[in-house]
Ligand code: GLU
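Presented as structure tokens, the chain that follows is alone, the form predicted on its own.
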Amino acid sequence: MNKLHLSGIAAAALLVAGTAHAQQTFISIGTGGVTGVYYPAGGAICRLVNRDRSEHGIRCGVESTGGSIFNINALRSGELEFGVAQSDWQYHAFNGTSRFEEDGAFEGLRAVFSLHPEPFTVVARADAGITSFEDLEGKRVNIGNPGSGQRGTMEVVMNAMGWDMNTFSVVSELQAGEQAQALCDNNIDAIVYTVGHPSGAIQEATTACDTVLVNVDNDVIRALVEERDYYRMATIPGGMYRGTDEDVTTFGVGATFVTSADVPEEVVFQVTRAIFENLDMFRSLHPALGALDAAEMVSDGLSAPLHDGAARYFTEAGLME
């Protein structure tokens, strides 16, 4: 009798657990290398979403990936529900241009909100004789791994400058987490990295060996910014990193949070709500997020249409009409 009674309780418990499990929605956010800003930014989003998972049933996980282009392709194939991507690659993916020309426009790409600014950052060994962007010619340069936003943006810049792979004495394709050590081991002279600041990867490089941040400012760069709405001139404050006391002038993009039209409206609504209703906490979770402004997050650098779930939240919150 007792055995049957316990079995009944166990069965009921399993039924309840099964029902709860069935109501849970699992989402994954594609980010970037663990020493960049995308990974902790994605972790901060998941942290806020997971705080209220008992209410909305959404469990959020973060994945370290190859970066912007990888994340967008994974959204397209349905492997990820959300991703962080540079504003320029959001534009190219939605319009089927540049690296996305072969696969065609990703018409199902949807914007959720924008994140931090991302200056195009060049860090060179102090003994490499690199004082301007043009000085990269003939040097050993890490241009980033295929699939990363930094690699894609560097290819755009190289094309504009009339450069190709033969412009450099050595071209490496290291991921973001590997480039600081390669620089300080004297295997390369410089790295290019499109990243929010302060960045753990840049901090690592500038702390472990003598380096300088290099200005990326000439007529070619200014023309690129003038021609493309998703680029803007940017400043990296002097004194942020060891070895560079003066402000550095460069150009940049913005990090954006994107999804697919296939992700349900309610899921995107709840994720958006978790961030904007806890924006002060979100800003405190990483230094690069500290200056986020709600009004700018609704529009800056968003080339794809807003997802219906995000638009619904912004309308209800009075952030857009």
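Throughout, we count residues from 1 along the sequence that is shown. Not measured: the values here are computed from a predicted model.
Same protein, other form: the form predicted in complex with this ligand, not shown, and the subject of what follows.
Partner contact region in the predicted bound form: 31-39, out of 31-39, 289-297, 268-276, 54-62, criterion any non-hydrogen atom within 4.5 Å of this ligand. The listed set Q90, Q179, T211, T194 contains one residue whose heavy atoms approach this ligand in the predicted bound form to within 4.5 Å, identified as T194.
Although the partner is absent here, G67 lies within 4.5 Å of this ligand in the predicted bound form, judged by heavy atoms.
At the 4.5 Å threshold, heavy atoms of Q86 reach this ligand in the predicted bound form. Among heavy atoms of T121, none comes within 4.5 Å of this ligand in the predicted bound form. This ligand in the predicted bound form comes within 4.5 Å of a heavy atom belonging to G149.
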